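First comes one chain, alone, set out as structure tokens in the form predicted on its own.
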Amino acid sequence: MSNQRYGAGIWHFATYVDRYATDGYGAPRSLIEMIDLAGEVGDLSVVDINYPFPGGETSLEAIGTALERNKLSVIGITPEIYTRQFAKGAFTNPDAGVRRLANEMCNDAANIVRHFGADYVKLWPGQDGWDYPFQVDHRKLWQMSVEGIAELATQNPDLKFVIEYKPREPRNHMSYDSVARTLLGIEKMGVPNVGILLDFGHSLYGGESPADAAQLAIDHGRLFGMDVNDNLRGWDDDMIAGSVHPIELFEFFYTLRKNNWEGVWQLDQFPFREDSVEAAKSAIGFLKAIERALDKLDFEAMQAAQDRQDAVGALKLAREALFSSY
């Protein structure tokens, strides 16, 4: 019997708009409705919740009741430091007052993390970066990126903060765009409670090997969390995990298992046109197959093949384990 826990960003159960279907792909949902849908999946034990809470005002008590009703708990709170008021940046905004608003929103999120006994505040500073050559002073922008998060971590030494890096979108180039740059920023902060949340799709989209990125973050002691999804590598499509890159997803989880990394396997998917509950079940079904494949994989033989840099032999081991486990 597996003890692996599965989670999802609560936005997986929202409805979405894009720049074409501006009327949305469904009727808006309240946070409580999203939590109830998450409960229908059956295998989820935790959710990551946006703040301010989506779908209109609701109380912590109402959220707690909905979570209890669905046998769910909160893994993280994601402050929305990427909306219109932060269009020129959150931690890197040229307006000191807006930077202060970002800090206050993140501190409010930190208090909600404490309320629910969650694991971390997740920081996705999507508007921190630039769009054009000569638009910013790169030294100053990076300094603000680092100092803004370091300030938060120092204000809340009892909590963990995780940075979810991404190459671009909504900015044409985001400040925290890769595992290496994010690790450099964390090192410069000099605080123990900031780490990385590695999004498998962001790593693919950024031209990384997610397995290599995970190993680098682990080697620096900074892999605090992870999200899985999939894409066609040209954009952050947030498709069902394992639908396009099953072998690379297997290698990613092989790397986690090899390093004895333990944590929630979390979905960050955007099922625009698909049934959200069925999309979650589909992804988790494949993740369970990966669990079974890891249990049957000959790790010693894999290590020997890798020591020889034997691509054919290593892939044979991986394929046999994975494709016989679904």
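Model, not experiment: these values are computed from the prediction. Residue indices: 1-based, along the sequence shown.
Another form, the form predicted in complex with a further copy of the same chain, is not on view; read the next lines as being about it.
A.B. asks: Gly117 near a further copy of the same chain in the predicted bound form, any heavy atom under 4.5 Å?
C.D. replies: No - in the predicted bound form, heavy atoms of Gly117 and a further copy of the same chain never come within 4.5 Å of each other.
A.B. asks: At 4.5 Å between heavy atoms, is Asn193 in contact with a further copy of the same chain in the predicted bound form?
C.D. replies: Although a further copy of the same chain is absent here, Asn193 would stay clear of it in the predicted bound form, with no heavy atoms inside 4.5 Å.
A.B. asks: Might Lys71 be said to contact a further copy of the same chain in the predicted bound form, defining contact as any heavy atom within 4.5 Å?
C.D. replies: It does not: once a further copy of the same chain is placed as it appears in the predicted bound form, Lys71 has no heavy atom within 4.5 Å of it.
A.B. asks: Classify Ala305 as contacting or not contacting a further copy of the same chain in the predicted bound form by the rule of any non-hydrogen atom within 4.5 angstroms, answering yes or no.
C.D. replies: Flag for Ala305 set to yes.
A.B. asks: Phe161, Phe250, Phe200, Tyr165: which sits within 4.5 Å of a further copy of the same chain in the predicted bound form by any heavy atom?
C.D. replies: Only one listed residue qualifies here, and that residue is Phe250.
A.B. asks: To test your reading of this chain, name the stretch in 131 to 139, 71 to 79, 152 to 160, 106 to 114 whose heavy atoms come within 4.5 Å of a further copy of the same chain in the predicted bound form.
C.D. replies: Single hit among the candidates: 131 to 139.
A.B. asks: Can you name the residues of 209 to 244 that have a heavy atom within 4.5 Å of a further copy of the same chain in the predicted bound form?
C.D. replies: Ser209, Ala211, Asp212, Gln215, Leu216, Ile218, Asp219, His220, Leu232, Arg233, Gly234, Trp235, Asp236, Asp237, Asp238, Met239, Ile240, Ala241, Gly242, Ser243, Val244, in sequence order.
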